[in-house]
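Only one chain comes next, encoded as structure tokens, the form predicted alone.
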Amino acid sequence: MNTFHEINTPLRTIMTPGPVEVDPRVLRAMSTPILGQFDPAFTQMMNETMEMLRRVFQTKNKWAFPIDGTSRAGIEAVLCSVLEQGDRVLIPIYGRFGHLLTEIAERNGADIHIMECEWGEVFDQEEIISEIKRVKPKVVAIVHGETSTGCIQPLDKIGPACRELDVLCIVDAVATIGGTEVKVDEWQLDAVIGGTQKCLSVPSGMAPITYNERIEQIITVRKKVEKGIATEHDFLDVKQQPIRSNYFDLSQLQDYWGPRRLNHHTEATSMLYALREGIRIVLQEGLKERFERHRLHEKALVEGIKAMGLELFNDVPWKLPMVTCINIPVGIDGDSVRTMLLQQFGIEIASSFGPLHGKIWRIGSMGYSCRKENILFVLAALEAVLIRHGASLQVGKGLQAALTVYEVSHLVVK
């Protein structure tokens, strides 16, 4: 008979675009004793989490709460609650996750219209606005930060244009929330989906979302409460085109997170502890300060990589601050380098997808992983491993360039 031993996970330095290292304070919060989901102490935590999420999303929306499940669950909850059969959706695709939006919208019966640009590029906002006017969609669904290419799509003109044209703007901000500006109200975004496992430094398993009254109106019209928990009023209020998913039904989730406390599902208690602590830490640091910290460590990493003699894939004005993509040198086995980094140094970096698979490495500097010791460690280890693989480098220059960035910075480096 096999004996299964206690889990003894190896210590890793995780420098991928997600998941990232979890803040120790979040791990401690997860060990908090379990409460019942309708215990007043727990519902108070739910209310506090909603209030803090509003601040992180920079919104005054009534609704800001997490979906239990990974980031994809949040995207699916929003899209399947909003979209009905035949609804026209415009999706600008500039990497892997635009295709994910397309996949989810297609499965919900939407009439899909896509526009694509080369991976590594982003769209001129006017180009998207022109296509919105031509297609006249109900929804524009777009990725803010595309981790597959390390690029960030500007949205400050797209949101207002959607509002003016009476189009809903739904945004995947999974990679950007907590790491760079996501101005939900100022950019007039109707629904925004975040993720826990990236810049918030919380384990994967929840997807914070927020949405406004325009979205709520659509959800309310489609509301259907399941029989086992419905009241007489709920039976009288059944609509013609209910939301297809029960689990991802935002109309019922509103009643779960609102004063009614509808018993829709059993809340992921420990994950809520984690999310509450994670966003508390974000707000304690300050959004402005947190964004500056991500920019500083990005600069140190980028300068180190360039000084080493490597070439960036995303050395462009629209570079995503938290993901740095490196062209794999000719003749170098990219997977072998990643394997050696993990086996010899305990460092994990990422490859990419689709047309970029095997062509670039992606280094994430997100949330708690975004620290000076991690940046210096990954630069030193990458240099050592590349030397072992026969790459031609400017030996010793990478670390020195990064140290110079830190020495001249006015920020208190963490």
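Predicted, not measured: the structure shown is a model, and the values here were computed from it. Residue numbers here begin at 1 and follow the sequence given.
Separately, the form predicted together with another copy of the chain exists; it is not shown, and the next lines address it.
- Out of the listed residues 337, 115, 312, 104, 104 is the one that sits within 4.5 Å of another copy of the chain in the predicted bound form by at least one heavy atom.
- The single contact residue among 329, 205, 120, 160, judged by any heavy atom lying within 4.5 Å of another copy of the chain in the predicted bound form, is 205.
- Another copy of the chain in the predicted bound form comes within 4.5 Å of a heavy atom belonging to residue 22.
- Although the partner is absent from this view, residue 221 stays clear of another copy of the chain in the predicted bound form, with no non-hydrogen atom inside 4.5 angstroms.
- At the 4.5 Å threshold, heavy atoms of residue 89 stay clear of another copy of the chain in the predicted bound form, well away from it.
- Taking the partner from elsewhere, residue 52 is found to have a heavy atom lying within 4.5 Å of another copy of the chain in the predicted bound form.
- Heavy atoms within 4.5 Å of another copy of the chain in the predicted bound form are found in exactly one of 245-253, 122-130, 138-146, 295-303, that being 245-253.
- Interface residues of 30-61, taken as those with a heavy atom within 4.5 Å of another copy of the chain in the predicted bound form (partner not displayed): 30, 31, 32, 33, 34, 35, 36, 37, 39, 40, 41, 45, 47, 48, 51, 52, 55, in sequence order.
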